[in-house]
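Read the single chain below, which is given as structure tokens and is the form predicted alone.
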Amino acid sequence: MTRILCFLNFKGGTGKTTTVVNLGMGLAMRGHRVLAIDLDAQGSVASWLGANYEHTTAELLLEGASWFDCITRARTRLDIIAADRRLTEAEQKLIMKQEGPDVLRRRLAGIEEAGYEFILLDCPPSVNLLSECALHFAREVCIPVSMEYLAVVSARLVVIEIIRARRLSPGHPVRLAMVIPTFFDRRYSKSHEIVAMLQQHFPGIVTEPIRASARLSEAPSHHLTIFEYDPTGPGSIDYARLVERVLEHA
């Protein structure tokens, strides 16, 4: 069965795209077929990977193109469905048409037969129709949390939305799978305090932290994943460890 993971935090700048891109690449390097779907109008997934695309999630959601037509190859075994600013307008049209949060699941019907072992959803940093769509399509929710108190507060709001999604779609098995501390800097007590807070609020599902590093922040400007840009650095080590965590907790 295809594992469908969404990466969601209602606060911006928590490392959602960083995690989708680098986890996706890490899984692909391990031989798994991966599809990353961008649900954020900033379109950072395609920009990061330097991928050229023709169709986007906007056309997918508005039925202007099929999911098959929207898929773009970004790396060996790593495909994407890109987003751009048109997604904002598409979301407004869906709201006007009174489309429900199951619209993404309906538009992606049959995609699990395409041979992908992992589908990763990069969600917008807000409570909106697109984030609701992700929760109604995904089976596993992963919350990247930067070392800020407000990111922890937003993580707790995600749990409320998961509960709401379960209530609205009782047959859909979505669960909170991982809380991922990001931008961790061991030199600062705040980082250690926030990780301890996360472990208290989310026992058993907090991963090893992703350390803050200059190379990790530089990689997107070169259109490279951290495994390509700095293969032996701390970012690669941390994301390789996250890959192992995902594979071990199937």
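All figures in this text were calculated on a predicted structure; none of them were measured in a lab. One rule holds for the numbers: they count along the sequence shown, beginning at 1.
The same protein has a further form, the form predicted in complex with a small molecule, not shown here; the description that follows concerns it.
Looking at S66, you'd find every heavy atom of it more than 4.5 angstroms from the small molecule in the model of the complex. Residue contact with the small molecule in the model of the complex: T207 places no heavy atom within 4.5 Å of it.
Residue contact with the small molecule in the model of the complex: S191 places no heavy atom within 4.5 Å of it. Proximity of G13 to the small molecule in the model of the complex falls within the 4.5 Å heavy atom cutoff.
Proximity to the small molecule in the model of the complex, taken as heavy atoms within 4.5 Å, picks out 38 to 46 from the listed stretches 23 to 31, 38 to 46, 197 to 205, 57 to 65. The candidate spot formed by F137, R166 and S169 is out of contact with the small molecule in the model of the complex: none of the three has a heavy atom within 4.5 Å.
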